[in-house]
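First come two forms of one protein chain, each written alone as structure tokens, so that there is a structure 1 and a structure 2.
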Structure 1
């Protein structure tokens, strides 16, 4: 009983360390570290997809942060460091991809969806206005139809 209690206590005390995030070792030069962090905010985590590698806890994001720091420490410019990552992973790794032939749909899709929504709303509204009004404008029943309706209401015809 005592042994089980000690094991349970140890598990409770050690559990928070399981959620700990591995902290990257920053560059020694604060100016280079600031450049690396600015680049981290421009790159998409390939695991989390809509999160920068700066904000992601994924192992791949950590590897990309280390790679960017290595490139900056090696003397690469910001553009060269970003270009190196884009060369390996494509434009998709950028949180703001450039406008060019392969990415033009990424930029135009929101506008196209908005235009489609406006068009469908206008067509729906016009369709509602073109519909005939209620039964007040319907054609009246002829004598045969009225007689048949009376029989149905009275329960004579089945």
Structure 2
């Protein structure tokens, strides 16, 4: 009885890992598997869109993982395996889009915004330094105003 329950327990504990292997079988050669996994991390899942296919549970992501493994096992270079997917789904599947005509702004925008921020900061500081000069050229108080100011400062008013 005890042995039977232990066996049952062992089976239950082993089941999930056995299942995982059946779903997503790694390549026999660890070096190839590592290359495939590295590629998985660079490819965007088309169904969930902000996950890589490595992280996604979607059916299509699993199919694509399998496909990448197949290409790698068949002797494709990393670039060729990635190119195979890009041919079908476009640059969109690359989590890191290539620099070219349509994507130049994507890559340059952060630099442009940084430059803009630096420029505005410099201008703002200059403006602040220029202000004392402005104050000096402001119209001086006339006699009435001087008198009111003195009262205020002495705390006499009201």
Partner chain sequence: MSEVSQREPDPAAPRRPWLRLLPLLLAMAIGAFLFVGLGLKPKEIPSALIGKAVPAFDLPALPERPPGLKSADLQGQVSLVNVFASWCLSCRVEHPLFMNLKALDVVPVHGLNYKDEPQAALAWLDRYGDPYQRIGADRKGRVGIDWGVYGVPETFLINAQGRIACKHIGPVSDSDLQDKLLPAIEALRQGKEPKC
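Residue numbers count along the first chain shown, from 1. Each form is matched to the other, and the largest set of C-alpha atoms that superpose within 1.5 Å is called the rigid core. Predicted model only: the values in this text are computed from it and were never measured.
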Identity of the form predicted in complex with the partner chain among structures 1 and 2: 2
Rigid core superposition, residue 31 Cα moves 2 angstroms or more between structures 1 and 2: no
Core-referenced Cα shift (Å), residue 112, between structures 1 and 2: 7.1
Displacement in Å of the C-alpha of residue 150 between structures 1 and 2, rigid core kept as reference: 34.2
